[in-house]
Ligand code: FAD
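Just the one chain here, laid out as structure tokens, in the form predicted alone.
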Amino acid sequence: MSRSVIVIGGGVIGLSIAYQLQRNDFQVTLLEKGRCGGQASGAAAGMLAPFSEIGEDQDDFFRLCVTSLGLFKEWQSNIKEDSNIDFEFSESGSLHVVFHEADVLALKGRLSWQKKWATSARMLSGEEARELEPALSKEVLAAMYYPEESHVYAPAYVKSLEEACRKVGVKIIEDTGQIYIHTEKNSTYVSAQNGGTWQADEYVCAQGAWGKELEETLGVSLPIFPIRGQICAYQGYAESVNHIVYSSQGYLVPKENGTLINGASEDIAGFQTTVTEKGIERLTNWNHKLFPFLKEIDPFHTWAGLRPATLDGYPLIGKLKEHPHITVALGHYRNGILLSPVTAHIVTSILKNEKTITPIDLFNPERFS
């Protein structure tokens, strides 16, 4: 007889976990206090770029990210097939560009250890980088080229993932309002502001930036804080850029719908998702240093999303000792899209009492208690 699971949270992590669990013969109900994908998930730029984003340590977090990138091609194909909804998955590759000689040395140091993982990565001179990106500034001195890195169009990915969940049998309940976990001596159950109550064999908490709300109920420290990420986009200029292009100040990503996405400035603003002039200016003040044609152009669209950050930057993934029927998957910060398949695989392995696909001791959810 299959076990029942309640997944709390309808962002990309919660949806991914629900999808993978249901495909592994669990009976899954997903609860979302608002609408699925309505926060950080749908607002993300959708980059799958662990080599560009992690340049310091080949620790277990880096391994987690690289493992997830390796899963993504088959993962997205399965989601498209199950949902019958297509979405952009671009194996564009990326360029991480630098402007100063000291930064060139840093790129060489990065390549020395990343080469083990990114087997096709290589250093390019400024001239070689401009052969791949003709519109790139002549001030770019060098670049690291990562052919393996990719991106998805996040809103369509999340929509397809939600539909795939429904098609494989996940029961999705939205607009519940605030969700509460009740832990009593011999039982655990969930209630919601809308009056509903649910009970299952297992519970998975994946509420993103709202995970800290569980601290008092579960008696464990979950230092998760919302970081506002502000992004802008240019209409009709995607054809001028061929790859994900990073610099120390941010990134630009061309999408097949013609938009060029520029992100992201970050600040602490509680749960506010309003866009600020200062936040967007942080992007527009530097992006023309990468691509001079952007200097005279105004973005046509701006938005913001909340990223669930932990104190040490690592997610919280695993079972709770005092509540063995509760597993948490929280604090993915700006890597929720990238880490969605590997987190789903890990949580499924935990609930099946199997070895996880990659080490997870670093992500012990009770490490701050």
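Numbering starts at 1 and follows the sequence shown. None of these values were measured; they are calculated from a predicted model.
The protein also exists as the form predicted in complex with ligand FAD; that form is not presented, and the subsequent description refers to it.
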- prompt: Between the options L218, I231, V190, V241, which residue brings a heavy atom to within 4.5 Å of ligand FAD in the predicted complex?
  reply: I231
query: Just one of L320, L69, L31, L316 has a heavy atom within 4.5 Å of ligand FAD in the predicted complex. Which one?
result: L31
Non-hydrogen atom contact Y145 with ligand FAD in the predicted complex at 4.5 angstroms: no
query: Taking 4.5 angstroms as the cut-off for heavy atoms, does V347 touch ligand FAD in the predicted complex?
result: no
- prompt: Is there any non-hydrogen atom of A206 lying within 4.5 Å of ligand FAD in the predicted complex?
  reply: yes
field: Heavy atom of T327 within 4.5 Å of ligand FAD in the predicted complex
entry: no
- prompt: If contact means any heavy atom within 4.5 Å, which of 285 to 293, 173 to 181, 91 to 99, 159 to 167 contacts ligand FAD in the predicted complex?
  reply: 173 to 181
task: Could you list which residues of 5 to 29 come within 4.5 Å of ligand FAD in the predicted complex, counting heavy atoms only?
output: I8, G9, G10, G11, V12, I13, G14
